[in-house]
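Next up is one chain by itself, shown in structure tokens, the form predicted on its own.
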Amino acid sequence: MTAEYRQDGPRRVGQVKEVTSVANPIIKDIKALSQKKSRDESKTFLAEGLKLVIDALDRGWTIRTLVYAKAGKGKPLVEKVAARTVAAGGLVLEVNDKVMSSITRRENPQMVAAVFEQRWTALRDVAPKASETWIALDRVRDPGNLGTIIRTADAAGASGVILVGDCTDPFSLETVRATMGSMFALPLVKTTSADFLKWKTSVDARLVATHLAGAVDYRTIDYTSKPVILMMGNEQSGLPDELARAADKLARIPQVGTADSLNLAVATGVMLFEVRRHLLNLDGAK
């Protein structure tokens, strides 16, 4: 298969490359994406799975490098993704199982992985509209929690996720895996607490935050008259006072039993589906 691809320079004609060594410089660069520093410098990230890669392409994301295992050679869907990648100027690598395992850090890796360009939405460009729900997460630290929240937000029809303060990287492989592809469907925003508070005063939306001091049952709050920004706090320390004071409502989820709290992703899911309950039905309309 011949194609045009771009690798740190002008577009040139070449062939899809076959790589058999984990010491190959391109493979080393891809493996380095397991480190946040490399992801930040290159503004790229790694995702794996044929369905996920196809969904990302269909949503307009750009593949910089596609990697597929030899077992995928000749499979129509893999060939189609490869053709779309090189047509857009990307690089395609055919690798053996050892190389694929080294890239994904799995003993039984997926057949396909891809390096994508990161996408961030600027907070100033977010203007919540009627019936929209945005999730704001303060200093979320666990990659699994963040990925699960992004997946849940997608399922519930939320409009995007705002990361406030020092949050875990949504483009880490662990977070990307946990989103099950939903990160390609939702805008992601990162901001500081100060900028978030300033932005909040400029939009006509209801900020609802969960807080241990919350005296309001989350099921009694009006989620219908304005767009909603659902704010959830850090896994260990919850919301700081400055963010809690900015909330229009401080909500609490009633609990019984001996557990003193819910997992952050579970609590976010409970809140989110209540916020959007009036907009959801079983036929998928929202």
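The numbering used is simple: start at 1 and walk along the sequence shown. No experiment lies behind these values; they were computed from the predicted model shown.
Although not depicted, the form predicted in complex with a further copy of the same chain is the subject of the following passage.
Student: Could you tell me if residue 173 has a non-hydrogen atom within 4.5 Å of a further copy of the same chain in the model of the complex?
Tutor: Contact with a further copy of the same chain, no.
Student: Does at least one non-hydrogen atom of residue 262 fall within 4.5 angstroms of a further copy of the same chain in the model of the complex?
Tutor: Answer yes; at least one heavy atom of residue 262 falls within 4.5 Å of a further copy of the same chain in the model of the complex.
Student: If you check in the model of the complex, is residue 270 within 4.5 Å of a further copy of the same chain, heavy atoms only?
Tutor: Flag for residue 270 set to yes.
Student: Taking 4.5 angstroms as the cut-off for heavy atoms, does residue 216 touch a further copy of the same chain in the model of the complex?
Tutor: Contact with a further copy of the same chain, yes.
Student: Heavy atom within 4.5 Å of a further copy of the same chain in the model of the complex: which of 142, 154, 94, 132 fits that? Just give me the one.
Tutor: It is 154 that has a heavy atom within 4.5 Å of the partner.
Student: Consider the chain as shown here, without its partner, and state which of 210, 85, 104, 148 has a heavy atom within 4.5 Å of a further copy of the same chain in the model of the complex.
Tutor: Going through each option in turn, the one that passes is 148.
Student: I need the one stretch from 42 to 50, 64 to 72, 249 to 257, 27 to 35 whose residues put non-hydrogen atoms within 4.5 angstroms of a further copy of the same chain in the model of the complex.
Tutor: Stretch with heavy atoms near the partner: 249 to 257.
Student: What residues of 264 to 282, in sequence order, lie within 4.5 Å of a further copy of the same chain in the model of the complex by heavy atom?
Tutor: The stretch touches the partner through 265, 266, 269, 270, 273, 274, 277, 280, 281, 282.
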